[in-house]
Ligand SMILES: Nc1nc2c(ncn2[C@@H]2O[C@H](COP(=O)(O)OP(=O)(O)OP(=O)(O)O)[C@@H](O)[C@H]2O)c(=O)[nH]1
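The chain that follows stands alone, in the form predicted on its own, written as structure tokens.
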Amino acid sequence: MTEMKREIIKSIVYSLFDDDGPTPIIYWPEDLDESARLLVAMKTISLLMGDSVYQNGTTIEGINYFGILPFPDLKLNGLTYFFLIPDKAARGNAKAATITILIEETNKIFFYENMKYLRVIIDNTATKILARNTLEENKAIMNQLKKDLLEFTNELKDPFSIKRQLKILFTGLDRAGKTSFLLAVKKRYSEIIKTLPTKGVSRTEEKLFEEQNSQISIWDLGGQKKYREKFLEQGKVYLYNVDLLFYFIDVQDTERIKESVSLFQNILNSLKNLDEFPPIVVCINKFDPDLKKSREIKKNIEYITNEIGKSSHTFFIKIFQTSIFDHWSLISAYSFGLSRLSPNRELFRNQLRLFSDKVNSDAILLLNENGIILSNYSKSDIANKVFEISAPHFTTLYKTFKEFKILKKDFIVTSGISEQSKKIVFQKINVDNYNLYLLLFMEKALRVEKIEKSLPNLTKNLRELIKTYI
């Protein structure tokens, strides 16, 4: 067996859901305590599998998840990849499998800082396992994974940070609404009127939770010509190590839309030269409610969308239409961007999907106390559209009812004309020290008892994931 750099990698476990349930098949070190390896197999497979992931499906393609899971009993953190191995003899014609790399809790930032590399080598390992059948072949594959990790960790010289450092850029022409967007997200409306053009760069800190593994810095870059020329010229300072980029285009500023698109292309070119490819959220901003029928505005949106789309093959780009007069449009764009920073976004979505199947919900949102969408799942675009209208109102309604002690339980249910009417359920759940909220869209008859019965398991699983959300 290859000797690993023990101060970083403590263990590696390949687990399989076989006739005996979740079972550790190949593990390092070979003298790993039996209870420890069983715990890893049980937790990684049972948390991610669920009854409806593949057994009752028609395909196993696309069913794979990466995530960071805590193992407090072992004082370890694990980076796990969940995937399916075709097997005609198994239920659903597939067996669930996981590959888990374990490190000490104190070194957990190692996963965040090296996620890109780790995802690639673990995914390659899983791909090789899918192409092999024998235990000996799989042992050789896992041994190669150990060698790759050894080579990588031996090259690491700097000590790990206490917290993961994240950098978010807000860019665009001057008067595009970057600063106002941030203030409106925080509902600091009175400050918007006093807003002056950003000079140079304005830095602020973001917190999704009081206790989080990351320090998130937002860089609001001034959009006046002299400032944007500076940050393009000094790209190694401003554009280096960017984890997420928001780009704003004023849809009402028809005369400068081409200039804004040109600046966007210049930023992408600078990022390419630096070998930086962060996810990008484009906000077609100032799309105010009273302008939605304007032909000129529609024409501007079409032009912007087409031009931005030409770059989507190189970068991950998502476009939103936003306005400070439509708070939900801001929350949707902002939340989507932040969710891209979470290594567990796939796991959260999977948990909501499993819960949705159990309670017959057509769509679910998971929000924090500030209304930021942590995760969502929807079976249709129509159900998702309902949330665009209702979510912020239900959050406010819940807090108002709670303040005046009107609620007897921690949920609100809309009343329909008949038992079969569509309903919306707003449910508060406590996950450790956090108050989270579920918003459910129910197409079929509401069964509150089914929701209440399924909530403990969802809450338990979220508790496992929330500490490593971001």
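From 1 onward, residues are counted along the sequence shown. Note that this is a predicted model, so its numbers are computed, not measured.
The next section is about a form of this same protein that is not shown, the form predicted in complex with the ligand.
Among the residues 278, 371, 337, 222, the one placing a heavy atom within 4.5 Å of the ligand in the model of the complex is 222.
Here is the short version: of 143, 114, 265, 195, the single residue with a heavy atom within 4.5 Å of the ligand in the model of the complex is 195. Of the stretches 322-330, 238-246, 132-140, 101-109, only 322-330 has residues with a heavy atom within 4.5 Å of the ligand in the model of the complex. At the 4.5 Å threshold, heavy atoms of residue 148 stay clear of the ligand in the model of the complex, well away from it. Heavy atoms of residue 125 never reach within 4.5 Å of the ligand in the model of the complex, leaving it off the interface.
Mapping the unseen interface onto this chain, residue 179 counts among the residues with a heavy atom inside 4.5 Å of the ligand in the model of the complex. Residue contact check for residue 288: one or more of its heavy atoms lie within 4.5 Å of the ligand in the model of the complex.
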